[in-house]
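What follows is one chain in structure tokens, specifically the form predicted alone.
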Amino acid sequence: MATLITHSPILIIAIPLVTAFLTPLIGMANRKVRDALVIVSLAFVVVLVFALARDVVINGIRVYTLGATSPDLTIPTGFMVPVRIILEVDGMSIFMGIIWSIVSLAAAIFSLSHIASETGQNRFYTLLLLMVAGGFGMMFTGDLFNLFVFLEIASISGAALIAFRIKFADTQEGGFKYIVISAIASLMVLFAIGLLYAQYNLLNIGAIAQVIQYTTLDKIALALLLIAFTMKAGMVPLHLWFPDAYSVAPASITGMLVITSHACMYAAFRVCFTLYGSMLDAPVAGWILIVFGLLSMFIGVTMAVFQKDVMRFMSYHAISQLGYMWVGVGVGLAVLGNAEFIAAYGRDAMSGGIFHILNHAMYKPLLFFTGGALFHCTGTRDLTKMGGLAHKMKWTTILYIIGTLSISGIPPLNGFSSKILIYESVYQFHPILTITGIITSILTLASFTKAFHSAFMGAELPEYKEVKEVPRSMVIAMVILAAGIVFITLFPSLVVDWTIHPAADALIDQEAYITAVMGAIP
């Protein structure tokens, strides 16, 4: 078991990657064996992720060096800097890994029935597993170039999955927009990496962070990285592609795309806190995140109110909810250099923003899955053409209500726990942030109530007389996420103490990340 945990950082990436290439071969022989392989491999990855998380919480940052005689040997004899590919897993990256593993497993289970009538299923599962590997790589990598490589893997597979259902014209448009945005973002990331490599002859994040001088080129690289990652995450005003892509993908993939946005947000946080750290003009960078986070919150929710397409409606709300995370972590960044403010409310603001990432990862894919369930049973995404479905789809109705109450921040559900932590902490920084957040939550509840009435309430429509509840695998996938919501609701303090605070502290403590790779800082 100790050996398994030692090699778990690379195994978590390698298992879905290897399975991705086995899937089409096995699928040609037996579809059920292929499906079982996908689910079992992702379930095993979940076990590895939780085992690694326990190790990180107990023993601190885990570093894994590929090709070294010992995985924890980061700098070879005779060298002054890292020269191999290094994975570095701290509190923040394993926190993201936990989220990604759970949602990926739920998405795969949901897909078993959701795409059962589609052709090209071997390709679908191969792309899904590649996307999983790319996401884990982004979260665990310790160097910038491999961050770019894994971003490309996740982006290309994501675009193909968005356009998977070729019988619908809008899927091609959504996939095209996603790949164009991804290509632009990736080129910006690659150019920024080139600027940093040209100056420091380094790619490792910790090694660069130790020597970075914050020159003009460093500032240009910072701007490029932040624009690229915030664009991929869907921050306003770089969000126009977001609903077009997220609303047309299979619901299981849309749930995964939400976490891909989180991964890009994580990359932006890693750049600000770890790569640049104390060299960064933290108040300016923090206020940038705060302002655009507020815009994302308000514009996202107001646009959602007018949507008739259930998946497009969910997509705009995803933009809005991402704004809470940007604001919470932005406040922590804005006061990063002030130990008194960090202790007073900065750490709590960051914890609230990070906690909301976890909660959003539970209820937003769940809501996308319920939207996918409605489409699966009715053949339409138009809310105005639905009605009375609560009579036929009781499980979907209950799970939609759980997701709605959570995203709206209704106590005591988990969405309330993270929002109240954000409200209380950012109020001390600037009261208008809390006021905007509360207004956004009220509009969120109003719009989801309206959508619930349109889809589920009223008399049964004649055209849906034969509608039944979705297949068992789809219900199980939704229940997994709902169970996550219930667990966090019942034990918020436990979750905060064991996952949220270590994640926030990992971002704040730049020195620990550098020391894990470079040794003691002179």
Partner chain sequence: MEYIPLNFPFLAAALLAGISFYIIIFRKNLIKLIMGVGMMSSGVNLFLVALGYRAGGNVPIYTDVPEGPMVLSVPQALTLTSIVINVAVLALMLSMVINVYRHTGSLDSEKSRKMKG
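On a predicted model such as this, the values are computed, not experimentally measured, just so you know. Numbering follows the first chain given and starts at 1.
The same protein also has a form predicted in complex with its partner chain, omitted here; what follows describes it.
Novice: Just to confirm, with a 4.5 Å cut-off on non-hydrogen atoms, which of F341, F148, F429, W395 contacts its partner chain in the model of the complex?
Specialist: Selected residue: F148.
Novice: Between the options A361, M188, I98, L112, which residue brings a heavy atom to within 4.5 Å of its partner chain in the model of the complex?
Specialist: Checking each option against its partner chain in the model of the complex, the one that comes within 4.5 Å is M188.
Novice: With its partner chain left out here, work out from 103 to 111, 169 to 177, 322 to 330, 262 to 270 which stretch has heavy atoms within 4.5 Å of it in the model of the complex.
Specialist: Contact-bearing stretch, as computed: 169 to 177.
Novice: Determine whether any heavy atom of T378 comes within 4.5 Å of a heavy atom of its partner chain in the model of the complex, and answer yes or no.
Specialist: No.
Novice: Report whether the minimum heavy atom distance between E88 and its partner chain in the model of the complex is within 4.5 Å.
Specialist: Although its partner chain is absent here, E88 would stay clear of it in the model of the complex, with no heavy atoms inside 4.5 Å.
Novice: Taking its partner chain as it sits in the model of the complex, is G194 in contact with it (heavy atom to heavy atom, 4.5 Å or less)?
Specialist: Yes, G194 sits close enough to its partner chain in the model of the complex that at least one of its heavy atoms falls within 4.5 Å.
Novice: For T404, is any heavy atom within 4.5 Å of its partner chain in the model of the complex, or not?
Specialist: Output for T404 is no: heavy atoms all beyond 4.5 Å of its partner chain.
Novice: For the stretch 243 to 258, I need every residue with any heavy atom inside 4.5 Å of its partner chain in the model of the complex, listed N to C.
Specialist: Result: D244, S247, V248.
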